[in-house]
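Next comes just one chain, in structure tokens: the form predicted alone.
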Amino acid sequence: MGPLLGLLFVVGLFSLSDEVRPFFLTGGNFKIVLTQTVIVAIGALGMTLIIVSGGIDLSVGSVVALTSVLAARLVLAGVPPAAVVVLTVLVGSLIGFINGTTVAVFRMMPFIVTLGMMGIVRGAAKWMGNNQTVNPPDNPVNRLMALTKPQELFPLPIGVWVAIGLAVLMAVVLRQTVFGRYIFAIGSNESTARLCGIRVPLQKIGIYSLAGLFFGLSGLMQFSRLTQGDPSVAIGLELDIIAAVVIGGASLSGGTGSIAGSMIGALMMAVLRNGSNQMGWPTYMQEIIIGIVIVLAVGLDRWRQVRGARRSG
């Protein structure tokens, strides 16, 4: 309930202004907020799996940039839309597989591995796009994030429904399947999980590969939203995604987290940005507010850990 109450508090805070309220509390604005949430929300699905398992992935923003450029290149080459979707998502999963294999097999720190991958993938995105935007013609992939009837809440873009459907699916996977229980076990205590017979390296490879699939899908949505592939896009997106997961109640130490909480966290980030724009606050003010929210969320996580340790002690 904590993340949900936080979201309601933020919505209520921006609704206090008589000047902002008539524009903020409208179906059209809620549609914009939901559409802006899609990219971070889908990325947060993958990041939740990684953080719950005790890992981290700093290459998300670069993967989103690369896959958005890849999608644009494929469309420009005349590849059928269905193949564009599949290939883009698979490339994201391949990058996740490389991250997971490096972390699991060579027992390297996820922070260092994904930090290096962040630079590699960003450079690959610039190389693929010749260090400029790729502008393909209008195509069906663009309709995933297209806004129709922008003054009304419905119909919502296809991307919003995709994010909602995947969130429901992954909530079931994380809480009701053996794979999900293994993720929590590895994040809680990796050594104990290994002694219990869990094949930790194989599970980590699967976790990062599945997360990479979601990151690739975020890149596809980024391309659909901008209708172009931009190798310089999504700089710092990994921080927004990690913040959404942490705000949603996940612990950076692993072993704790939920899909529902991460989705609420992603929505809260979008509401903060949207409300700040409605209030006319400058961009630097938005960054300061979001930074404060992140620090408070991590501090709350630390407080929960200390309180839990005292109770168990």
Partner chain sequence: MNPRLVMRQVEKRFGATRALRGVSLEVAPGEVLALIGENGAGKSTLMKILSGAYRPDAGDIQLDGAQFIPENPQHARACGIEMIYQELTLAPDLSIEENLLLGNEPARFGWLNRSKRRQLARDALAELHHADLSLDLPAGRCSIAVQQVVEIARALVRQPRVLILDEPTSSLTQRDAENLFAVVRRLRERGVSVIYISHFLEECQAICDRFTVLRDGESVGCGRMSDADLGGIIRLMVGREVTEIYPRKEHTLGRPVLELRRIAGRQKPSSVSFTLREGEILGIAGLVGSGRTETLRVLFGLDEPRAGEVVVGGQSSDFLGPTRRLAQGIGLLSEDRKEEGLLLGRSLADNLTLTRLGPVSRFGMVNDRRQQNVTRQWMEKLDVRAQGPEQAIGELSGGNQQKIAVGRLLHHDAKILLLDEPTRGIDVGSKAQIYRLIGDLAVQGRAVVFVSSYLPELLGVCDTIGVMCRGHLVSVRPAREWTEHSIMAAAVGQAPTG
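Numbering follows the first chain given and starts at 1. Please read these numbers as outputs of a predicted model, since none were measured by experiment.
The form predicted in complex with its partner chain is left out here; the points below concern that form.
Trainee: Name the stretch: of 79 to 87, 116 to 124, 238 to 246, 175 to 183, exactly one has residues whose heavy atoms fall within 4.5 Å of its partner chain in the model of the complex.
Mentor: Comparing against its partner chain in the model of the complex, the contact stretch is 175 to 183.
Trainee: Report whether the minimum heavy atom distance between residue 153 and its partner chain in the model of the complex is within 4.5 Å.
Mentor: So residue 153 does not count as contacting its partner chain.
Trainee: Can you work out whether residue 147 and its partner chain are in contact in the model of the complex, taking contact to mean some heavy atom pair no more than 4.5 Å apart?
Mentor: No, residue 147 stays farther than 4.5 Å from its partner chain in the model of the complex.
Trainee: Does its partner chain come within 4.5 Å of any heavy atom of residue 132 in the model of the complex?
Mentor: Output for residue 132 is no: heavy atoms all beyond 4.5 Å of its partner chain.
Trainee: Does residue 232 reach its partner chain in the model of the complex, with heavy atoms at most 4.5 Å apart?
Mentor: No.
Trainee: Counting non-hydrogen atoms within 4.5 angstroms of its partner chain in the model of the complex, say which of 168, 94, 112, 196 makes the cut.
Mentor: Spelling it out, the residue with a heavy atom inside the cut-off is 196.
Trainee: Which residues, if any, of 230 to 257 lie within 4.5 Å of its partner chain in the model of the complex when only heavy atoms count?
Mentor: Counting only heavy atoms within 4.5 Å of its partner chain in the model of the complex, the single contacting residue of 230 to 257 is 255.
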